[in-house]
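Only one chain is included here, represented as structure tokens and corresponding to the form predicted alone.
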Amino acid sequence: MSLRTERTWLANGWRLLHFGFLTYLWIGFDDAENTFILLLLLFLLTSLRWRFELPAVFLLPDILICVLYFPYTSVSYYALALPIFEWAQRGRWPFSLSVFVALGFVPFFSGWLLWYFVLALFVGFFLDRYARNLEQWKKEADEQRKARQELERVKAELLEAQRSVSKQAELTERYRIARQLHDHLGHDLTGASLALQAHAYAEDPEEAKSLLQEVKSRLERSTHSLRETVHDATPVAPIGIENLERALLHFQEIDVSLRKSGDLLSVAAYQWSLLEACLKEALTNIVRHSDATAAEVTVQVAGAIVRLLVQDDGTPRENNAQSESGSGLRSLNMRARALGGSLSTSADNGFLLVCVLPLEQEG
């Protein structure tokens, strides 16, 4: 039910109660025909407001009709509670208070009438504040929803940027290694090969010795250049499966075994980052929310996917956090979807986490 519909139903409820009370006064205390006509006119005007969203100025005919019927029926005084309520529930306090104050000068004014007007004013005020609060809550909820959507969009963009940067860094490093091998190692090896060919035709012993020395020098430079290239290409920090092995090495709470298969070198660095985060989250949940004594971690590369499975031998505790409702798993699930993969968990036979990511296809 929308805010406008809910407010309309509450307002219509008060209107029906008001007309029920006026009908009771008419039947019980004043059975004049004039009262029936008064109620009929007021009901027609109220029905128009029920059906259409009319401006507040359209309440003036109600007041005019009630004032015209003052000399004929006392019910007309109680009927003025309706415009007081209508203006109050629309936030038109000056109009409601002006009518309320003006009624203090009519000859029929009594304590019961005063309390009835106060009730109408209070109910109108309550509906007005209720509608304003609902509108504020709805606005805040919309802002929070937009903020969450924006945050998810930014996270997805960051993941895509990380993926792009990782790919660009890989291509840049490949180009650097290829250029270094071509500029240094390739030239020296080519020179050594030509020197060996010239040595086969050399007749002067001194010239042959000089050519052999040149071959030796070029091979030494090539070996040194190759070692430098390999050293520069070797990462200082562990990456890939080594990162997972190091995480398991420092995890001493339960026994954990690791199985791996497939071409692990085909998994990109940013994918290893997500797999490592999934592994740590799974191990943390196992320790905190399960009575497991051992767990098995499997990393498989098959076809065009890489799959991480974490399975323990325990049973989840009550009120555990090993479900996708957890904030950690929700965040990882979103990251996996951003990379075109999926993350799923199960607690049917111990705690199981499965993360599947698609491998990059060589262009």
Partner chain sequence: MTLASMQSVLKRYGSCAALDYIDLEIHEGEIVGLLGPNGAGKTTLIQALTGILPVDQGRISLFGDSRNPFSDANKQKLGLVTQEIAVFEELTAKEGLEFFAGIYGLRREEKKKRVAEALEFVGLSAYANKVPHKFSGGMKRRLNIACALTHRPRLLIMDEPTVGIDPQSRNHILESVQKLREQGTTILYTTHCMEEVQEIASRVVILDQGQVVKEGTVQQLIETVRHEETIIFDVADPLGIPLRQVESIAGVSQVSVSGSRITVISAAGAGNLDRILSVVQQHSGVLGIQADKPNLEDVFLTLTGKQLRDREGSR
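Positions refer to the first chain, counted from 1. Predicted model, so just to flag it, every value in this text is computed and none were measured.
The discussion below concerns the form predicted in complex with its partner chain, not included here.
Among heavy atoms of residue 10, none comes within 4.5 Å of its partner chain in the model of the complex. Looking at residue 302, you'd find a heavy atom of it within 4.5 angstroms of its partner chain in the model of the complex.
At least one heavy atom of residue 333 is located within 4.5 Å of its partner chain in the model of the complex. In the model of the complex, at least one heavy atom of residue 352 sits within 4.5 Å of its partner chain. The partner is not drawn, yet in the model of the complex one stretch among 206 to 214, 256 to 264, 281 to 289, 70 to 78 has residues with heavy atoms inside 4.5 Å of its partner chain: 256 to 264. If you check its partner chain in the model of the complex, you find no heavy atom from any of 174, 223 and 227 within 4.5 Å. Screening 145, 132, 179, 138 for any heavy atom within 4.5 Å of its partner chain in the model of the complex leaves a single hit, 145. Contact annotation for 342 to 357: residues with any non-hydrogen atom within 4.5 angstroms of its partner chain in the model of the complex are 342, 344, 345, 346, 348, 352, 354, 356, listed in sequence order.
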